[in-house]
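Shown below, as structure tokens, is a lone chain in the form predicted alone; questions about how it binds or moves come after it.
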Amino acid sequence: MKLSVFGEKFSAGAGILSLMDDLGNALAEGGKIMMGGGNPGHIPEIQAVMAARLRALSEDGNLLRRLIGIYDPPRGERDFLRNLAALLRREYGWELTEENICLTNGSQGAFFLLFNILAGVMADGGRRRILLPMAPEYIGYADLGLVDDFFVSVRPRIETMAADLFKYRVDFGQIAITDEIGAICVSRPTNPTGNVLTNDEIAGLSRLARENGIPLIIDSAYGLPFPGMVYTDATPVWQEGMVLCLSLSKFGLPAVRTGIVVADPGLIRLLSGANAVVNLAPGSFGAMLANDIVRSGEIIRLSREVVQPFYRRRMERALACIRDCFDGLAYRVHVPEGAFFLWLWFPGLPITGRGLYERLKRRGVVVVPGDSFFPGLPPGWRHVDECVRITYAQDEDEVRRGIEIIAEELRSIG
């Protein structure tokens, strides 16, 4: 079978494909400690709210017909769009309407469309790339571009902190915005590190984007305004020329595949056109399931009072466990400011992070090697091979056992 360039891309072993394949196989086999993926934990209060809404949808003939029997417009379910726009105006004073919002079938799909609309081979024959101003960044970005050499990444400044912590900072002195940059993109909180870019860092990136006439894309899949997994001071931000990407997945609805893009109306029209071509329309399920809690603003309260405390408690317990089990080892943890990951750095690790990942997998512990999170960064930085990402979203006893096994492996190779 002959493949197009597009087909060849997906036969080459995308990083996100390898991760999802590993996770799927581990789940199918059973007996594995899952510390690698981004599946959220199961929060009883959120599931109870969704169960009640699901019953209401199934028992109302008109709602059920809309849910399963009618295509939405290409921008998504209109009642949800109106209610979300009203919530964002009311809560944050953002000057937007439903014309500023588009739904996609998952935020991964949103980034595929956004990146390839803004970068790649341009209509005038030129090439543009996406700037990731602080690596490491989300593994799922790496293979989204339809052309090679799609990303430019910048090394962060590393600030060591008290005890065993460190933090990445945006190194503005190393950022160069040239004519080949089509957009700037950051995740906040950052996947994989749990870093929350400061308000000043966001303001600095926003200023660079405005000065160069390009969008700043903020991936807030774990952040504000929902699901609100932020454990430090951070202000939600959106303004003209900015693209804010949200999701219902980490709120507790990963299977409904609902991505949300907030942007200028012109870009929203482009996204809705792409939706029509690729999907006809985004699915209705997530929007209708969450519509009531968006209309009432309950989604903000639940994020602040249920979701954030749930993960913060788990983070604190996992960090305490690491400090207990890793005592005497050479390690640092990125200060956990959000999301549900811990980013472990082992300075001077005698093998690579990928080698550690393979050893742990043989012992039934699935993590993610750090080298998967540096798309567009020139080779040669040893730090890339000294890190791994783990999640603390799953069963706490398994997380503790997984951390114990990681410590055992580190001691055995030290």
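This is a predicted model, so every value here is computed, not measured. All residue numbers refer to positions in the sequence shown, first residue = 1.
What comes next is about the form predicted together with a small molecule, which does not appear here.
Contact with the small molecule, judged by heavy atoms within 4.5 Å in the model of the complex, is confined among 221-229, 123-131, 193-201, 172-180 to 221-229. In the model of the complex, R257 approaches the small molecule with a heavy atom inside 4.5 Å.
Taking the partner from elsewhere, F111 is found to have a heavy atom lying within 4.5 Å of the small molecule in the model of the complex. Contact annotation for N100: none of its heavy atoms lies within 4.5 Å of the small molecule in the model of the complex. Heavy atoms of F115 never reach within 4.5 Å of the small molecule in the model of the complex, leaving it off the interface. Think of it this way: in the model of the complex, the small molecule has a heavy atom of just one of N83, S303, S247, S284 within 4.5 Å, and the residue is S247. In summary, among the residues F310, W343, Y138, F150, the only one with a non-hydrogen atom within 4.5 Å of the small molecule in the model of the complex is Y138.
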